[in-house]
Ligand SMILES: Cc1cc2nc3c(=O)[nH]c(=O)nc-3n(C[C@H](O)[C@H](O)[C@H](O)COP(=O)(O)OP(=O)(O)OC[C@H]3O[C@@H](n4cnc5c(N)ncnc54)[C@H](O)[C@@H]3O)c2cc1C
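Below, in structure tokens: the form predicted on its own, a single chain.
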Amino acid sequence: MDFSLTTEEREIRDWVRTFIRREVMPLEQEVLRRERAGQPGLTADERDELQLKAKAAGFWGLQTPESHGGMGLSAVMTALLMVEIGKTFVPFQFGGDADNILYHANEEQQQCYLLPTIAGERKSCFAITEPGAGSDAKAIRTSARKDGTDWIINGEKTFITGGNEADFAMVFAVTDPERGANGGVTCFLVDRDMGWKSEPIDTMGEWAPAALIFDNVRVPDSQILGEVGNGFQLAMQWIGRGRYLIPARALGSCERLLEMGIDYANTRETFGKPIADRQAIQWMIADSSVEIEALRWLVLHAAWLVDTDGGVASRHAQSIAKLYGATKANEIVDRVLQIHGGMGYTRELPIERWYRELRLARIYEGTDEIQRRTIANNLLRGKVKPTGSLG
């Protein structure tokens, strides 16, 4: 059993590590200042400039197939890179990726939506969540009524990532109420200029989701992604495409936070001694280190199964990694804030900012409770064994 990286994997990882340290981390203080003033941490132009710098070095479309101009990286390699990205709170992502379900587009749709999205010329959003349909995606009520060769869409979507910036949305609507999720939901590619509107939702973090409003939005047949009635299957492909990436990014955050905690413990003195000499602080650091190491292997194992299996075992491992990663990341950032005392609670340091950001990991793309349900159901129904992938 070989846990070492190949030479190529190490070179790719190290390039991204250097890029994040040289190009992204220096922006942190300005990002904090802007966010304290109620401004976006990065402007669109600044984000695009960073992405183009990376593109000049060949980093574009991490998981986009090489046939479409991307790097076509494995899940394991992508997870390693997400760890590096997670070491900063600056809202940066490499460019050149498109939602996985857009590859189901026909030739005309690929030219209009998929390829421009990969090129960074268009922005999409995934619109399934509704005020009454979060974890229970089958409960969506947004409707699409047939009218000649068109469809009339009515409804509201909520907590849509990128919904304020997107120029088109992948909208999931009920086209056959009697069949519902079993063949009665369809996905539509809906341009903003077709009539939908977005409203920002204020949250405790810097994540700025949107509410999307569809009021008699008319969409032609040509905007259907895939086939009529297969929308719910597409939605599940999107939701399950990369749950391992959320704990991977959280892992990077935890590594950086623990470094901050160690540095502060070694320099901050109370009663004539560094707080690193206090057993209470030592235990916080030790527990965090153990949990980070466990999370590292859960993430990499889940990614490895994505590359080699792709079935129930893969989805099960991703749920385990996301559940453990989300809960432990929240515990670790809380400990690091505690180590810093009052300073950790201020907005002068990024710890409280990470505190708010990591809290979201327990909610989006499957809450803690949904992950526990998935894990338990897989075990109770015999889909996976307690012995795991080693049998």
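Throughout, we count residues from 1 along the sequence that is shown. The structure presented is a predicted model; accordingly, all values stated were derived computationally and were not measured.
Keep in mind that the form predicted in complex with the ligand is missing from the display, and what follows is about it.
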Please tell me whether any heavy atom belonging to residue 109 falls inside 4.5 Å of a heavy atom of the ligand, as the geometry stands in the model of the complex. no
Is residue 360 close enough to touch the ligand in the model of the complex, meaning at least one heavy atom pair within 4.5 Å? yes
So, residue 242 and the ligand: in the model of the complex, are they within 4.5 Å at any heavy atom pair? no
Can any non-hydrogen atom of residue 370 be found within 4.5 angstroms of the ligand in the model of the complex? yes
Heavy atom within 4.5 Å of the ligand in the model of the complex - residue from 93, 266, 135, 289: 135
Interface check vs the ligand in the model of the complex: of 89, 151, 126, 304, the one with a heavy atom inside 4.5 Å is 126
For the chain shown here without its partner, which stretch in 203-211, 223-231, 187-195, 253-261 has non-hydrogen atoms within 4.5 angstroms of the ligand in the model of the complex? 203-211
Could you run down 151-165 and flag each residue that has a heavy atom within 4.5 Å of the ligand in the model of the complex? 158, 159, 160, 161
